[in-house]
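One chain comes next, on its own, written as structure tokens: the form predicted alone.
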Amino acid sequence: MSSSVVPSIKKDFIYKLISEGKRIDGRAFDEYRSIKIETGLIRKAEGSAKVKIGNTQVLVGIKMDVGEPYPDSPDMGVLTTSAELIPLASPDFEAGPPGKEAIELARVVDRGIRESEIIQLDKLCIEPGEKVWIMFIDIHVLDQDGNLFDASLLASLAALYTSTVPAERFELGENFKLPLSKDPPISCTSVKLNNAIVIDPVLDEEEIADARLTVATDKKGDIRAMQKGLSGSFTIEEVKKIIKASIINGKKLREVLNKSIRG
């Protein structure tokens, strides 16, 4: 069968299931796949974590260096986030410079962390205007089966909360835990499939989705960041439904995260 026929058959099958109130893997529309978080996997990193959501796997490492602050924030540490989509994770990924998918993934994760202000950047200043800690969040997708946004943010948070600032390596005193607040943002991603809204899409669902919306909320249920994707649109009622489901699932994901960083 040609490659153009198979996606058409798959799309019709998924749409038929959706019309019957079912999903391809048997989950409810507002249900996440199983989630597993492991920390401390990269010995030479300041912090690291691997997250599995279903068959999707993401590894994140945190590295820190000393450098100059930005001119408009001379007394604040610096945060930079990057993502690498390696060909081994998906046949759709190509080797080389970051493509638009990798750039979008890094930006969504960075925005969720930055806008929630969980990193106390003012405590990462060494000498105002001269020397600050620079933090690198490196996202590596190991296996792509949908919903990279949520897996990447969870892995980034788990890595951050288990990170140590390597002051001794730079002869700047004793090492100390990365200064973070206790209210991490949790993102939940939903897609629209033939007028139905499903959360935590697998890759097959993502590939035929009309629209995507990622909502990051804090412990109080306040929205910290949102990212709309794909060419389709949502109604106001659909957006409200997605936000409600994101808050409910965000509490569950936060419990999984807290358990992993306490362990």
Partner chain sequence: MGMKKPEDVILFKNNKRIDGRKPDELRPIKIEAGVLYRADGSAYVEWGGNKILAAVYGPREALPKHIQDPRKAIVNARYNMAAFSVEDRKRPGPDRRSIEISKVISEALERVILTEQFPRASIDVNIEVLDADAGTRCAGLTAAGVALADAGIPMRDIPVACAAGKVEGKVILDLCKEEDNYGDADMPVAIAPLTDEILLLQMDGHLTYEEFEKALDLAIKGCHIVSELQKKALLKKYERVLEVE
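Keep in mind that this is a model prediction, so the values were computed, not measured. Numbering follows the first chain given and starts at 1.
The same protein also exists as the form predicted together with its partner chain; that form is not shown, yet it is the one meant from here on.
Comparing 172-180, 154-162, 76-84, 124-132 against its partner chain in the predicted bound form, the single stretch with non-hydrogen atoms within 4.5 angstroms of it is 76-84. Taking the partner from elsewhere, residue 251 is found to have every heavy atom lying beyond 4.5 Å of its partner chain in the predicted bound form. Within 4.5 Å of any heavy atom of its partner chain in the predicted bound form lies no heavy atom of residue 36. Within this chain, residue 244 lines the site of its partner chain in the predicted bound form, having a heavy atom no more than 4.5 Å away. In the predicted bound form, its partner chain sits beyond 4.5 Å of every heavy atom of residue 67. The candidate site formed by 60, 100 and 233 is fully in contact with its partner chain in the predicted bound form, as each residue has a non-hydrogen atom within 4.5 angstroms of it. Residues 136, 138, 140, 142, 143, 144, 145 are the members of 132-149 with a non-hydrogen atom no more than 4.5 angstroms from its partner chain in the predicted bound form.
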